[in-house]
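Shown below, as structure tokens, is a lone chain in the form predicted alone; questions about how it binds or moves come after it.
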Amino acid sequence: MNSWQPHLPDATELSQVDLLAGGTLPSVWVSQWRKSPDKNVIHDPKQGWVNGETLLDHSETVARRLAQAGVLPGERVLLSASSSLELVVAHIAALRLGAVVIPTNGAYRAEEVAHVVSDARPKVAIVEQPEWREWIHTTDPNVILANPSVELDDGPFLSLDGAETDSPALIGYTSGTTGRPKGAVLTHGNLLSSVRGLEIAWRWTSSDTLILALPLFHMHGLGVGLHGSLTVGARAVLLPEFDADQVLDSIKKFEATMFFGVPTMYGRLLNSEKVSQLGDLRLCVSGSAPLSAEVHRKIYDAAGQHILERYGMTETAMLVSNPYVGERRPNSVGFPLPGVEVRIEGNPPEIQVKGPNVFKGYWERPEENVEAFDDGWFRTGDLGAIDSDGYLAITGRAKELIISGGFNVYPKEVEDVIMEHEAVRECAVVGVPDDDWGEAVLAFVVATRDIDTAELRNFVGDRLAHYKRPQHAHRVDSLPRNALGKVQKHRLIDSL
């Protein structure tokens, strides 16, 4: 039996499945909208339902404006805004033009924005945050700035949807252990094959309606939620931010069938008196961080819903999922999705992957690309084990990654910022289990004076995204080190 066989409908073989059917994301989307122009596709909180014909027309208009501004196929367009019709249209337009989208977290501060802009060199930046315009202009005055509705000069009609399967579609920035975010370049084929695998595994169809409260700068919200809905011809209800009661009310209002969230969201949903509404959905998916067995059980007790946990990352989109039909096992992420190969290699045992969804490398990082692959297998940096039934469990991380509220926090990046504080002489940042956030960010500092948590949080918060701020700060006399001088972070955790 193939390792992905648990995901396939009865009597279906992967050889019968074309994970690249349609070639590119926009080609698939445009074809569907032309066939069914009146079908509702996106629900915007301000404008209501929007159909395929509107998405076709509006995305073509924005694509012409981007082209008029000088965006050529292969050039980069930075996108950062809260979920809205305008953001979706701008994203579609850039892809139809053949540009490469850089989805960027709106919580980033000046230093983070400056790094992405100087590294990726976008031609146009579509942003809603007023302060970002100044930061981007200071970094590169040649970047053309636009708001989410892209009110640039109109351009002439032009040929669209010419990107090829191997054409780059997206650069997703993900921090590295060096503390400097690096851009993972994903092609249309990478993104499309991942969605096709989910379409099969989750029985995702055009009759589904997804409540989408995840941000659209993240692979979970963008690469799974939005791309998946558009590709299978389903409907997506955009919620600009997560609110437990609003999510649960929307399930009933829109007769929804699906909800995707991170563990922190499910913890908040459990606190609502309306949590039983989750039972009306055919599928609840959790990802971006480990879901505790306790939350898994509590959701089932409260709503009769077995959450389906899956595993993916920026560099690969989706990799592994618990089965739609069969046991959704707590503390496990399930089986490789169609087309994906997984192996456990080395000591410690690292999860390595192959498949049409796996990126080819980081943007302009040739040395790191060599280190990222082992004979064609991508080294995820996660540690894992496969049990006798074929279920994959993530047992730890080879890299010092903290996942707080579903977002990646790399200690080195936070440590570098803390070291800028005038009173700090040394510091170490670690993650510890937290019921609400999955992991909490803790900072240990050697300082010339007392520094409380509030001061350090505010200092970091002025320079990095809010979720990277330490939830707690501890002043210590010294940092424990081994014979080679490496900080022994496990000893700091043990001292708590």
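In this text, residue numbers run from 1 along the sequence as written. Quick caveat, the model's predicted, so the values are computed rather than measured.
One more form of this protein exists, namely the form predicted together with a small molecule; it is left out here, but the text below deals with it.
Contact annotation for the candidate site: His218, Ser404 and Arg469 all lie close to the small molecule in the predicted complex (heavy atom within 4.5 Å). You can rule out all but one of 75-83, 96-104, 306-314, 365-373: in the predicted complex, only 306-314 has residues with a heavy atom within 4.5 Å of the small molecule. Thr264 is the sole member of Ser229, Gln352, Thr264, Ser193 with a non-hydrogen atom lying within 4.5 angstroms of the small molecule in the predicted complex. The contact residue chosen from Phe242, Tyr324, Trp135, Tyr391 relative to the small molecule in the predicted complex is Phe242, the criterion being a non-hydrogen atom within 4.5 angstroms. Using a 4.5 angstroms threshold between heavy atoms, Arg463 stays clear of the small molecule in the predicted complex.
The closest non-hydrogen atom of Arg268 lies within 4.5 Å of the small molecule in the predicted complex. Although the partner is absent here, Met318 sits close enough that one of its heavy atoms falls within 4.5 Å of the small molecule in the predicted complex. In the predicted complex, at least one heavy atom of Leu214 sits within 4.5 Å of the small molecule.
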